[in-house]
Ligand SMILES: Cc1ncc(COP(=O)(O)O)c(C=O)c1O
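Given next, in structure tokens, is a single chain: the form predicted alone.
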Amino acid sequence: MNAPGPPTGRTGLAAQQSQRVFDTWTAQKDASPLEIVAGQGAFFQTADGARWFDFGSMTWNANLGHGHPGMRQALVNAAERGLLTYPSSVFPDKVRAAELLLEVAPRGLAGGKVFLCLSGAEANENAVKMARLVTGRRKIVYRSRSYHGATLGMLSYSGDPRRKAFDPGLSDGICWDDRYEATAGPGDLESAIQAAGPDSVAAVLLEGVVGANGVFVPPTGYYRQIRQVCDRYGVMFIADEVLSGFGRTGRWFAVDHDGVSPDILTCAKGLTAGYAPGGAVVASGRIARHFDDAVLSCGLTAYAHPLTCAAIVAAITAYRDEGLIRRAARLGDGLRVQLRLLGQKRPYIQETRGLGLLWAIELREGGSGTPPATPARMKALAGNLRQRHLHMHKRDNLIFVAPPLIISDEDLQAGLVALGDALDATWAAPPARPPR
């Protein structure tokens, strides 16, 4: 049987790939993938010779940028060893990866253990399983604006509209409508736990900072109150730091802004800086001791793979040796000011919000009181960003600014200028008429 033809406009390798490989999160006819052939620092190069600003850190994971020499060498060394293992095998990089993770994790996890896997969604799946196994309870409380991964399980515990096609998902999920109001309190979390029955709730699952659903930053003291509510009812606090970890918000982890230790912390993305698939669950000493005797029913074939472990060791070493966590905080302070100025000159920018090197820009059709930017407007913006070779994530009426932690001040400024030009070109054109 012949393969389907490539979408219109694709040629060469992209056309060949489209006939054989699915693109993610899109109707296949609408996909416009880039053929990336090289990269250095905060830039990558495509097959047509274009040099792109990476203002999205690939998929929010390239915290160390492209072509990082320490990462490249670590993976070369690991590949040359050619080590084949199974998930519970013993080897030096595996031990060192866990040691480093426990050293940089919140203090309350220092006496715990690390479970190594391959992605953020899997880290969250395993964290939920651990919480259920330890507490003997089933229910998971999750936030109304949240995303914890694309598996059926994690979509079931995410307040993300992309879950609708798969509903009803797993049972025992309790959606808590928390909008980060002006107060520092955790809204109706306590009421949600009481309504569900405290003796049935295993854990509260929260992102460190809401990421893909719009970069909503909690007020100061928020996570301390989350911790207090969880302690009051004997409920575990799982901090999902998949996107917000490893300097993205200007701290090792977003919960560090409040000095709080969760019972379980999950991470991926910046864990390996995108150089290898990798995820991890960091569990407290209490949880670790539970599984001294109880069976930990978690594991897949390629967990704790040697290439993953080598990448974790090299990435955490680079963050430390190059002072990148402090650097992200400094760059974020400047970015806050620059984005505010960007918005002051453009009435169609409704809001900029974020911290560190994780920001969202919310767009509307015109000035105050106008509706959100339409799909037609956002499509035009995507074209103008592409024309200026600026890689950024876009969703609904939002664009996200999340460059690598290694970006220079000059390159950050140049990228913002290109962004301003793309915005101005988009809003200079009249709004597209809706189809009849």
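The first residue of the sequence shown is number 1, and the count goes up from there. Everything numeric in this text was worked out from a predicted model, so none of it was measured.
Below, we refer to the form predicted in complex with this ligand, which is not included among the displayed structures.
Exercise for the section: Go through 310 to 318, 283 to 291, 113 to 121, 251 to 259 and give me the stretch that gets within 4.5 Å of this ligand in the predicted bound form, heavy atoms only. Expected result: Correct option: 113 to 121.
Exercise for the section: Just give me the single entry in 273, 130, 243, 265 that has a non-hydrogen atom within 4.5 angstroms of this ligand in the predicted bound form. Expected result: Exactly one listed residue reaches within 4.5 Å, namely 243.
Practice task
Select from the listed residues 173, 106, 149, 306 the one whose heavy atoms reach within 4.5 Å of this ligand in the predicted bound form.
Solution key: Selected option: 149.
Practice task
Answer with yes or no whether residue 143 is in contact with this ligand in the predicted bound form, where contact means some heavy atom within 4.5 Å.
Solution key: Flag for residue 143 set to no.
Practice task
Report whether the minimum heavy atom distance between residue 178 and this ligand in the predicted bound form is within 4.5 Å.
Solution key: Close contact is absent here: in the predicted bound form, residue 178 is far from this ligand, nothing within 4.5 Å, heavy atoms only.
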